[in-house]
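Quick heads-up: it's one chain on its own, the form predicted on its own, in C-alpha cells.
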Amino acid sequence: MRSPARDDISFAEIIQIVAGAQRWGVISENRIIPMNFELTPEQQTLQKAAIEFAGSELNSNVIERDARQIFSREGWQKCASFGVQGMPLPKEYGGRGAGPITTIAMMEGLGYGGSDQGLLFAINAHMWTCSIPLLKYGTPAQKEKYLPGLCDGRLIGANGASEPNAGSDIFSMQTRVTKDGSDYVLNGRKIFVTNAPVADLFVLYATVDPQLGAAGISGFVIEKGTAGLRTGERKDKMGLRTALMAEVVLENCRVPATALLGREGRGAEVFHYSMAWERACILATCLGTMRRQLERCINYARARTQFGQPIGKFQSVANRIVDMKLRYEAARLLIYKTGWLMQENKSADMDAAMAKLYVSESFVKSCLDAIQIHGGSGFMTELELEREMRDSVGSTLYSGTSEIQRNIIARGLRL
C-alpha cells in the first residue's frame, strides 16, 4: 500500500477525513481535497427558516389544488418575497447572491416543510432553465430587463426544448429559425413546457438546420404576447399537478436580434449549462421530502401497534425504514457534493448525473416504502403519501431520464 504524499496532507488528516461523519474528500491531481458537508450555522438557520415558512405558508388546500390542477400564484409570490427565486442571483438584480450549497440547503428545507411539490418544481424549472442561463449568457440589457422580475415574482419563466421527435435526443430538434434582416423568425412546436400556461418569459431553442445537430442551435428569450407565440391546452398529468404544463407553438414568431441568448449557434452550450444546474439542484426539494417521510415513518412505526407491539419491532417494517435512511443519507451526500464541486468551479457533469439518477430513483422507492409502512391508510388521499408517490415518478423523467443520466455517467467513465 502506497503512503500518501506527505506534502499535500498528513496521514492523521486522512484518518480524520475517512472517520468523520460529515467530512469527505475528493482526489484531484494525486491529492485529497477535504470537503465539509455540514451546513454552517448561517445555512442551518436559513434552512430552518425555510422549513417554517413552507410549513406555514405553502400547504393550504394542496389536496384540492392537486385534484383540480391549480397553480398557486399566491404561493409563488410568497416564495419570491421570502427570497427563493432570487437565491442564486446577484444582489444587484434583487437576488441573495447565494452559492450552490446555500441554495440547495434552502430548497431542501422547502421540500421538508412544504407539501406542494408541484409549486416547488415550477420554481425549480423557472430558476435553473430561465434565470440561470440569463445570468450566464444574457447581455447587460437582458439582465437588467428580466432578472429583477424573475427574482421578485413579477415574472414566471419557462423553458422550451423538448419536441415530439426530440426528447432525449434533444439536439435533433426541428424548430427552425431563419434570419430576416436583423430579425429572427421561429417556427416549430415545443412540448412538456413547465409553467407555459402562466409564464411571462420563455427561453426557447431553435436550429438553423437540423442536419447541423448541436452546432446549428441558438437560444432566444421571448416574452409572452409576442406575435406568433402561443401556448396550447394545459396537459393533464399523473403527478406534479399544481405545476402547469402545456405545448408552446411558434408560427412565424418574429423577434429582434436583442432576443438572442448568447451567441448564434451556441444554444447547445446555453442549454447544457442550464441542465448542469438543474440536475444538481432540482432534486434538493425531493431530498427534503425524503427526510420528512423518513421521520414520519419512524414516528408511525413507534406509535402503531399490532399483535401487541409497535410495528417497528417487525423486521419487515424496520428494514424498509432502514432502507429509507440509507437512501436519504446517500442522496444527501451526492447532492451536496455536486453543489460543492459547482461552488469550487470544478467539473460536476458526471456528479450531477449521478445525483439526479440516484436521488430520483431512491425517491420513488422511499415513497412506495412509506405507503407500505402505513398500510391501507397510506393508500388514502388524506395522508398525502400517494400524491408524493405520484410526484416522485416525474423525477425519473424530467431534466433527462434515468437512461440519459446513465449515458452521461458512462461517458464520464470513458466507456
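Start at 1 with the first residue shown and count on from there. Every value quoted in this text rests on a predicted model; they were computed, and no experiment measured them.
Same protein, other form: the form predicted in complex with a small molecule, not shown, and the subject of what follows.
Q: Can you pick the stretch from 153-161, 261-269, 329-337, 137-145 whose heavy atoms fall within 4.5 Å of the small molecule in the predicted complex?
A: Single hit among the candidates: 153-161.
Q: Looking at 199, 287, 240, 123, which has any heavy atom no more than 4.5 Å from the small molecule in the predicted complex?
A: Only one option qualifies, and that one is 240.
Q: Which one, 85, 274, 194, 103, lies within 4.5 Å of the small molecule in the predicted complex by heavy atoms?
A: Result of the distance check: 194.
Q: Check whether residue 167 has any heavy atom within 4.5 Å of a heavy atom of the small molecule in the predicted complex, and answer yes or no.
A: Heavy-atom contact with the small molecule at 4.5 Å: present for residue 167.
Q: Report yes if any heavy atom of residue 399 sits within 4.5 Å of a heavy atom of the small molecule in the predicted complex; otherwise report no.
A: Result yes; residue 399 sits at the interface with the small molecule in the predicted complex.
Q: When the contact criterion is heavy atoms within 4.5 Å, does residue 107 count as touching the small molecule in the predicted complex?
A: Taking the distances in the predicted complex, the answer for residue 107 is no, it never comes within 4.5 Å of the small molecule.
Q: Using a 4.5 Å heavy atom cut-off, state whether residue 119 contacts the small molecule in the predicted complex.
A: Result no; residue 119 lies far from the small molecule in the predicted complex.
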